[in-house]
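Read the single chain below, which is given as structure tokens and is the form predicted on its own.
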Amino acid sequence: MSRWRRRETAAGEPLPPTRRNTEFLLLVFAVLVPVFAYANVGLARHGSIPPDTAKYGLGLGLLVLIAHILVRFFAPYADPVLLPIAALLNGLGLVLIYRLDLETPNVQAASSQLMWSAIGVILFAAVMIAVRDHRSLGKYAYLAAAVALFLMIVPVFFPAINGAKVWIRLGSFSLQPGEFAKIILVVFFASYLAGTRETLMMIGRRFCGVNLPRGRDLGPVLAVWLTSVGILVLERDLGTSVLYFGAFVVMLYVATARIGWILVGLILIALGAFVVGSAEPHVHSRVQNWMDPFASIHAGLGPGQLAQSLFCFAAGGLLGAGLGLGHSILVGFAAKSDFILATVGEELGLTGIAALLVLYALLVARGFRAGLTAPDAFGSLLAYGLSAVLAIQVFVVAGGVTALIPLTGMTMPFLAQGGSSVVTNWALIALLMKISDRGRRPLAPIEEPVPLPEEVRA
């Protein structure tokens, strides 16, 4: 119940603040920053503020205002930081795509990305209204598993795009089902682990000071691992495979507080990546490119995408060349999607990259906090899992474009071009806000929250 309807709890104590006014002020800031960035691009490129700056600001402001009003009514005690960070990242992403559109007048993406952002807010609203209690999602765990498996398999029957079979394309319409599957899979994982974590906490052998899990408990982990390897083989998509299995291992660790599961997970990820990376041509070419990004230059063929990305980061230096003044479009066709972080690195420099990563870190941290305050094991694991998905995706994308790890073809959440990605990430934020609302409500019934492992608490 919101504080403007009821000022006291049943026991006569004053209600804690809902922090919705704080959220509103942060949203104003989250809209103003992209608007000023949009105007700055126009000044840098044409010497004048774009004539549709006010229109852009009103459009973005209307979207976040609708989301804010829905939160006031359907999740009044939700974390006040989650929505503003998502809005700021989405707004900055639109500005970056618009800035790159200026280099490709025949291929415009900003308008379609704004449309997908609006659809994402609609899905955000649907989750806010339909999911009255996040615990109800646990009842559909095995249905969620079946739906997720279907979404993962369907792209196999469609032609590969840029070497990977992760898209469904019908004419001019395209969809990436794996983006939706990642949220649905986390729902299944949370439900499964909430019911079996006592069994999975059993200790097996001790190796090098680490308590390893029992052999009989490895079945579910191996099943998820084999599914991930199957995705890697059939869809040739390293990023999605790492994302699914990585999220499961993180949730498994949180549920059991056994570091042995992390060790098992890292071994299985490395084994699967090595085997498939050696045998599958598309994945192998990405590994080779990662090992020597400048091989094409030495061969006289010019720089490839990864080399161009590294040049962008080097050119950006500490403060960057200035928004709108870089040359990251030389990266090629993926400059607006996979490599959009290169634009940030060149035009905003190390300072801009650091600020952006801090925003993602805050988003993940507030998601973990929602897991800490959730009143039930399922809600805790769901919040941890959704936050882990965000964290892993950011790491995989940032690591790929900086040559820390092989490229995966995934997109930066909220920032990069990609309708499926931005829509599902808005749904993810809505679920996190519903969980945090339940945990922050006064007199919320406490069932059995998942304790953080001692290593994390320290």
Partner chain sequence: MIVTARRAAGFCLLLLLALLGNATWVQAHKADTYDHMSGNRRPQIIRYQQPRGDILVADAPITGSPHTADSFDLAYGRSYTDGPLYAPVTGYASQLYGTSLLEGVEDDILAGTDPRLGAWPVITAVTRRRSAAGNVATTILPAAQQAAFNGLASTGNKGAVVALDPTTGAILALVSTPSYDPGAVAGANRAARAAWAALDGDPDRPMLNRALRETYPPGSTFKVVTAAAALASGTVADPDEPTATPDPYPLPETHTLLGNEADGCRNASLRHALTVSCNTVFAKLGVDMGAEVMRRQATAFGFDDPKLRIPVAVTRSVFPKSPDRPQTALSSIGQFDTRATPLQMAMVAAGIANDGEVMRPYLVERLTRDDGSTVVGTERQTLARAVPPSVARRLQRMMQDVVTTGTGGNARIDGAVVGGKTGTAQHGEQNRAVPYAWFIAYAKPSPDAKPAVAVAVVVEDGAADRADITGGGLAAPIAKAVMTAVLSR
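Positions refer to the first chain, counted from 1. These figures come from a predicted structure and were not determined experimentally.
Another form, the form predicted together with its partner chain, is not on view; read the next lines as being about it.
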Counting only non-hydrogen atoms, which stretch in 293-301, 142-150, 89-97, 74-82 is within 4.5 Å of its partner chain in the predicted bound form? 293-301
Contact with its partner chain in the predicted bound form for Tyr253, defined as at least one heavy atom pair within 4.5 Å: yes or no? yes
Can His284 be called a contact residue for its partner chain in the predicted bound form at 4.5 Å between heavy atoms? no
Wondering, does Gly349 line up within 4.5 Å of its partner chain in the predicted bound form on heavy atoms? yes
I'd like to know if Gly399 sits close to its partner chain in the predicted bound form, meaning any non-hydrogen atom pair within 4.5 angstroms. yes
Can we say Leu63, Val107 and Phe124 each have a non-hydrogen atom within 4.5 Å of its partner chain in the predicted bound form? no
Between the options Leu185, Leu381, Ile340, Leu238, which residue brings a heavy atom to within 4.5 Å of its partner chain in the predicted bound form? Leu381
The unique member of Val41, Leu431, Ala416, Ala391 whose heavy atoms fall within 4.5 Å of its partner chain in the predicted bound form: Ala391
Would you mind checking 311-342 for residues with a heavy atom within 4.5 Å of its partner chain in the predicted bound form? Phe311, Cys312, Phe313, Ala314, Ala315, Gly316, Gly317, Leu318, Leu319, Gly320, Ala321, His327, Ser328, Leu330
